[in-house]
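Shown here is one chain on its own, the form predicted on its own, set out as structure tokens.
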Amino acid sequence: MNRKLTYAFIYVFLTISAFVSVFPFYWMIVGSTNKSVDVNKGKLTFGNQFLENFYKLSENFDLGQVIWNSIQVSLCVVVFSLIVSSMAGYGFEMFKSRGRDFTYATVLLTMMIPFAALMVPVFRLMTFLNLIDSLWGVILPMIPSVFLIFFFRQNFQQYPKEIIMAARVDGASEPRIFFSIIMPSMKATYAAAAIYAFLTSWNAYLQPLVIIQSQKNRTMALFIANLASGYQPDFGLVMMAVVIATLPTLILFFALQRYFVQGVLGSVKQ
């Protein structure tokens, strides 16, 4: 009887947790099919305003430019962040030096600094580089990722050192070892890191808010925030914009889901 009660409690708990996790997505999709007044009333059934909301959103706003801005930022951050972070993690793991562990610990400590404390220095740096109100002003500060450096180093700890030593004996240079041997054999790790980098850059709000000052360079996060602000926002349009902003992340995650699970498991397995 105690075992049955335990399993019943577990199933009830998991059912409630699954409902709580899925409900925001359901509410988002339902809201995109209703009028703003219905969303305010908390209507939980589908309406017939989906095409109307999409038409109003695309006609009244430059939605294509906003999406393209976010795609440019996210793709550049993913590509450069993977290269920089993986090379840093490879260096911390494969090259021994007296101050390596201290430097690595110092780098990890920077994760404790919130971006709010870095807003003014980042803004002044981008002003010095003349990158205010440009997409590169958003991209450059997001390329170095301490979490990804940690993530890659954890995976490099499991990489067979004999392969690297054999390549060095054969006369291969370190760049060739890294780009020709390491990267192709760690697709799962790079896929998991790519998902993390894409989600972080795609959903970034505070940093673009500090850097971007014009309407033409807005990202999706800023666009949705502007839609939701004001005296009487149209929540039907807001929900439609949220649905559109969610689609790229869902597509990327499901496309790389298998590699993502393998990469995450590989980073924690010791």
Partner chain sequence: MKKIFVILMLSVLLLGLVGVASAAELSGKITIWCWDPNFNVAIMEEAATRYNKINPNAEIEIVSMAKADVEQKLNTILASGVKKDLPEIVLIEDYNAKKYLESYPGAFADLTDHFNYSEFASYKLDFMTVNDRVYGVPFDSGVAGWFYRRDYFEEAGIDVSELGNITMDEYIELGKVFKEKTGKYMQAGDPYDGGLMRTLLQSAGTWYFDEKGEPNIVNNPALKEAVRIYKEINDSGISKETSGWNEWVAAFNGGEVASVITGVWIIGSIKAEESQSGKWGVLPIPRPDVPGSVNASNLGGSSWYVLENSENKDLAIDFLNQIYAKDVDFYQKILIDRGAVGTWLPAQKGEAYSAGDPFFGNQKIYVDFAKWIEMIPPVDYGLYTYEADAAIMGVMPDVYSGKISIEEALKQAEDQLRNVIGG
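All values derive from a computational prediction rather than experimental measurement. Positions refer to the first chain, counted from 1.
There is also a form predicted together with the partner chain; it is not shown, and the following applies to it.
- Find out whether any non-hydrogen atom of N40 is located within 4.5 angstroms of the partner chain in the model of the complex, and reply yes or no. Close contact exists here: in the model of the complex, N40 approaches the partner chain to within 4.5 Å, heavy atoms only.
- Task: State yes or no: in the model of the complex, is some non-hydrogen atom of T45 no more than 4.5 angstroms from a non-hydrogen atom of the partner chain?
- Result: Heavy-atom contact with the partner chain at 4.5 Å: absent for T45.
- Message: Can you tell me if W68 lies within 4.5 angstroms of the partner chain in the model of the complex, counting non-hydrogen atoms only?
- Response: Result yes; W68 sits at the interface with the partner chain in the model of the complex.
- Task: Indicate whether F50 is a 4.5 Å heavy atom neighbour of the partner chain in the model of the complex.
- Result: No, F50 is distant from the partner.
- Item | Region of this chain that lies against the partner chain in the model of the complex, out of 71 to 79, 192 to 200, 104 to 112, 154 to 162 [heavy atom, 4.5 Å] | One stretch meets the cut-off, namely 71 to 79.
- Counting non-hydrogen atoms within 4.5 angstroms of the partner chain in the model of the complex, say which of M119, A188, M94, A172 makes the cut. Looking at the other structure, the residue within range turns out to be M119.
- L209, I244, L63, I29: which sits within 4.5 Å of the partner chain in the model of the complex by any heavy atom? That would be L209.
- Query: Does every residue of I139, F179 and Q215 put a non-hydrogen atom within 4.5 angstroms of the partner chain in the model of the complex?
  - Reply: Yes.
- in the model of the complex: members of 122 to 144 within 4.5 Å of the partner chain, any heavy atom: Stretch hits, in order: F123, R124, T127, N130, I132, S134, L135, W136, I139.
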